[in-house]
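Read the single chain below, which is given as structure tokens and is the form predicted alone.
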Amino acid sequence: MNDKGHLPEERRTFLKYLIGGGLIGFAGSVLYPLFAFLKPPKQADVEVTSASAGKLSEFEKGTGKIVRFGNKPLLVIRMPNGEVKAFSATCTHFDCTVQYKKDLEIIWCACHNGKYDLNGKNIAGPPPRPLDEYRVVMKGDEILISKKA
């Protein structure tokens, strides 16, 4: 302080930079984790050529089950006639998870009432295209799923 009780101009400028820098650092340390949380990093697709859906004896006729194929969900359905089919379990409209409706014998998306037949074809609602179908191979009692070529 000088004789009049004021800080010299250089000290005042130094304090402005010090406090301003501290506030910017504080704001960055609070906001960066917040934005990082709100926008999680994208996960790379896991390259999987085939996966096991379980044993055929675990599936009753006319039931469906969600299984993982890498990091994607698949819907495996054992049809009333005993045939096993596998489809992508994400709706082609907004990526909601679909499910098998046994009473209506359709694949149904609860988000916007999208409906697919048991061949994966979109038959009602907003889905713009059919579900992706996967190849099902039986190895003894085990159900193996792979991508169609």
Partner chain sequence: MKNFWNKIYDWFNSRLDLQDVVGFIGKKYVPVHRHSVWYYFGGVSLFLFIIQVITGILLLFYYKGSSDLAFESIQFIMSKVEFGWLIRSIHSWAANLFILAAFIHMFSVYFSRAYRKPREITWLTGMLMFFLALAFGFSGYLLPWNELAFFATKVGTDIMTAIPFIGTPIMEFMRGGEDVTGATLSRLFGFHVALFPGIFTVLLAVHLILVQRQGMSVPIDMENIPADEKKTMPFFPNFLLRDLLLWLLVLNVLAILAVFFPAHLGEKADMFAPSPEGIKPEWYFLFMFQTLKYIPAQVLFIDGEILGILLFGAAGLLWTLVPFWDRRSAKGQSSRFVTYLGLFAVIFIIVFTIVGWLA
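Quantities reported herein were computed from a predicted structural model and do not represent experimental measurements. Numbering follows the first chain given and starts at 1.
We do not show the form predicted in complex with the partner chain, though everything after this point is about it.
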Original post:
Does residue 61 reach the partner chain in the model of the complex, with heavy atoms at most 4.5 Å apart?
Top reply: no
Subject >> residue 96 within 4.5 Å of the partner chain in the model of the complex, heavy atoms >> reply: yes
Subject >> the partner chain contact at residue 102 in the model of the complex, heavy atom, 4.5 Å >> reply: no
Original post:
So in the model of the complex, does residue 68 come within 4.5 Å of the partner chain, heavy atom to heavy atom?
Top reply: yes
**OP:** Would you kindly say which of 84, 111, 123, 118 lies with a heavy atom within 4.5 Å of the partner chain in the model of the complex?
**Re:** 111
Subject >> Sequence-ordered residues of 128 to 142 touching the partner chain in the model of the complex, heavy atom within 4.5 Å >> reply: none
